[in-house]
Structure formats: structure tokens, C-alpha cells
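First, one chain by itself: the form predicted on its own, in C-alpha cells.
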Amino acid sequence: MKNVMGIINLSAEEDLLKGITLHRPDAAVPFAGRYRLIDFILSSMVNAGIKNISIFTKNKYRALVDHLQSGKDWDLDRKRDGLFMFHPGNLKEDTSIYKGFLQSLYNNLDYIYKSKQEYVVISDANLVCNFDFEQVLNFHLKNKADITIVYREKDKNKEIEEQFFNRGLMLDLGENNQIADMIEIEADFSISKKRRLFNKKFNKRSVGIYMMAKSLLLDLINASVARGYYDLVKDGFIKNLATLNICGYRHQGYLAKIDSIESYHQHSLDLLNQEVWQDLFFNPGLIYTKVKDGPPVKYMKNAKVNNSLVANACIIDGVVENSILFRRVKVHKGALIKNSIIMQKTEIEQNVVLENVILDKEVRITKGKRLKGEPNYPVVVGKKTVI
């Protein structure tokens, strides 16, 4: 896929992971013990042979810059193409207020024009998946599509999280994979209104991955911005549905969209299922991240660990069940951790009980404290908090 350039959009979701995104964008949120959310879609692009990848940020991007650096860990530190990052500081003086994703693209048109690739794939950053972009390109060419939108279908015979279909771009497919209609569902829509839309066959949601010719993207950018429109989906796709051949590609493998604290907690714990882990990290390629060396986990005399992921450099002398521990976590004697996510350099002191809890980096829970949330409403403790 050397003829495809990748664009990762960080402005699609904003402040939906309140509590753990105070100092970082969603894309830089830690996940699975040693990764960041952006690692998954970035690695998928690299595995597909995409060598020209750009990231369009919005705010709080320092943590992401620190994580990605030159792109060396993804083999994107190269003389030709490679990894590019565009910040809101690139906005022109007359558009100093951020208006939408198309504005960011418009203000960096030179980069897009000068890129040698013929096609472009645009993706949100908050996707946990091991995605095969080559299949999407083949589908796009076979169907002679102007735009291909990757979607996930609501399966009545399978227990799927309802929250995935509570908002976003919903699709109604006609014949030959062509999208007959689409609508953007806002989070504040009433339940009754959402049900009426589902009854109209809007039972497929875009996952936030789009493929098209670069020339078409440039036309959409210029035409939309000239009219004062800045939303790629509403102004670029929906308003041109009648004139463009927009097709839908169904994704059937594991894919999680992390757009709420509940989904972050739920899909993190999904990784404790071995089938999910294997599907996510090894098929069709590997998932890469920034390399950080450290000693192996140290299990003390009283340590009991069951069905959990524990990253390197942890020291455990308590009980850990169905949980994920990031690097350099210390669990003291008598502590009990269940169904929780503990980020790096956190210390859990003696006789602490944690259940359905998310602790950000460098948190300290002092002796004897008890924190208990619910599976669909976990307790979140911010970075460097002491309780």
C-alpha cells in the first residue's frame, strides 16, 4: 500500500474520557499495560505498508509528542515520507479559533498536495483494533467507490455494548454495498428518537475509518471551506451523498472504540480473554509501541495473581484478580485489587481494597483505604492523586 497515505484525526472526540485526559489527548491514553491508544491504528497502517502518516492534533498534545517522538519504534523515522504531526499552532491568523477537522487539513494543504500517494485513508485515533487496511483498499477499488466508510453492524443475536450505537455516524446500506442514507446521531438524542432511527435501518455505525482518492479529498476540503463548512462527515460526506458513490465496508474482527470511561474500562478488561488478546496483538500484524526497558515483575511471598496482565518492573505482595497493572506498580501486603486498571508508578499500600477502579499514573492509595465502583461506572482517580 505504498500508494496510500494515512491521516490520523485527533479532533474527532473531545474530553469523553474525563478524569484520565486532563493532561493528554485521547490518543495518548495508556492501554493494555504498556501501550497508548494511538499505537493500534498507527501500527495497523505501518503493517499495511503505509509509510506516509500524518497526525492532526487539537490540544494537549505534549504527551503524544513524547510518546511518538521521531516515529522510530514504528519504522517511520525515514528520509522520504515518515511520520508528520500538525498542531493547532499552524492555524492562520484569520482562523485562530478551531472550527473543525477540515480547517486543519486546509491549513496544511501543501503537505497533502506534495504527498506522492494517490489514495488517502483517514482514521480516528481512539480505535483498539488490529486492522487490515489492504482489504479496505481492495474493496474500495473493486466497488469503484468514491469514498469507502468502514462500519460495524448491530447484531441482534450477539451481545454487543449498546453504548457503541448511542452516537456517531449511522448508516443505511442499499444495494451493492452502496450507502443509501446516513445520519449523525448526537449523544444528547433521546432514547425514543434513537429507536425510531434504528427502525429505519440505521443499524450500522461508522468506526471512523474512511478511504478515498487524494484528489477527491482535496476537492472536498476546498469546496467545503470556501462555503464556511469544516466538518468532514456532515459537510464532506452527508451533503454529497447524492452525487458520490459512497460505499460501506463491514469490519467483522475485534474492534473497540474508546469514547467513554465505561468503554475504556470494559474493553481494557476484554484483554483478559485470551482469544481477544490473540486477535488484537498478532493478526494480521504486530502492535508496536515506544520501547521502555525494565526488570521483570517481582512476586513477593504473599503475592496471588489470577487472570491479570502485569507489566514489567511491578512489585506485588498482595492479591490481584482480573486486573491490568502497568509498569512499576507496587502492591503491598494485604492489598486486594479486582477488576481494576492501575497505571504506571502507582503504589497501593497495605490492606487497600480496590474494585472496578481506574487509577491514573503515579497515584498513591494509603493504608486501609477502600474504593469500589460498578462495572458500568468505575471509580476514576486522577494523576498523582494521594488518597
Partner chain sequence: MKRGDDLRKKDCVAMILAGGQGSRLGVLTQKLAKPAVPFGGKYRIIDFTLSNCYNSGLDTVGVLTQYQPLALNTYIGIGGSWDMDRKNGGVALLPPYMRKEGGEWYKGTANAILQNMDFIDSYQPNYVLILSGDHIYKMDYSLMLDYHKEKKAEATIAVIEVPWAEASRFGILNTNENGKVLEFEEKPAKPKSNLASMGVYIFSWEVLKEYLQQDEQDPTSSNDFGKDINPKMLKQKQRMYAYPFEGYWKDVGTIQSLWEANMDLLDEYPQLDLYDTNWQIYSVNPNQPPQYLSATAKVCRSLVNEGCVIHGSVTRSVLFPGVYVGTGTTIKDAIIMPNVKIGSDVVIKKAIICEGVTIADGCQVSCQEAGCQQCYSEAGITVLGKSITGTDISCHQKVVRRSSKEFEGFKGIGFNTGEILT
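Numbering follows the first chain given and starts at 1. This is a predicted model, so every value here is computed, not measured.
What comes next is about the form predicted in complex with the partner chain, which does not appear here.
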*Go through Q252, N138, N283, N176 and name the one with a heavy atom inside 4.5 Å of the partner chain in the predicted complex.*
N283
*Ok, L232, L217, V310, I147: which has a heavy atom sitting within 4.5 Å of the partner chain in the predicted complex?*
V310
_So, D77 and the partner chain: in the predicted complex, are they within 4.5 Å at any heavy atom pair?_
yes
*Find out whether any non-hydrogen atom of N47 is located within 4.5 angstroms of the partner chain in the predicted complex, and reply yes or no.*
yes
_Since only the chain is shown here, I'm wondering whether K292 would be in contact with the partner chain in the predicted complex (any heavy atom pair within 4.5 Å)._
yes
*Would E184 sit within 4.5 Å of the partner chain in the predicted complex, counting heavy atoms only?*
no
*Partner-facing stretch of 237 to 245, 129 to 137, 204 to 212, 217 to 225, counted where any non-hydrogen atom is within 4.5 angstroms of the partner chain in the predicted complex*: 129 to 137
_Partner contacts for 31 to 45, taking the partner chain in the predicted complex and a 4.5 Å heavy atom cut-off_ = A32, G33, R34, Y35
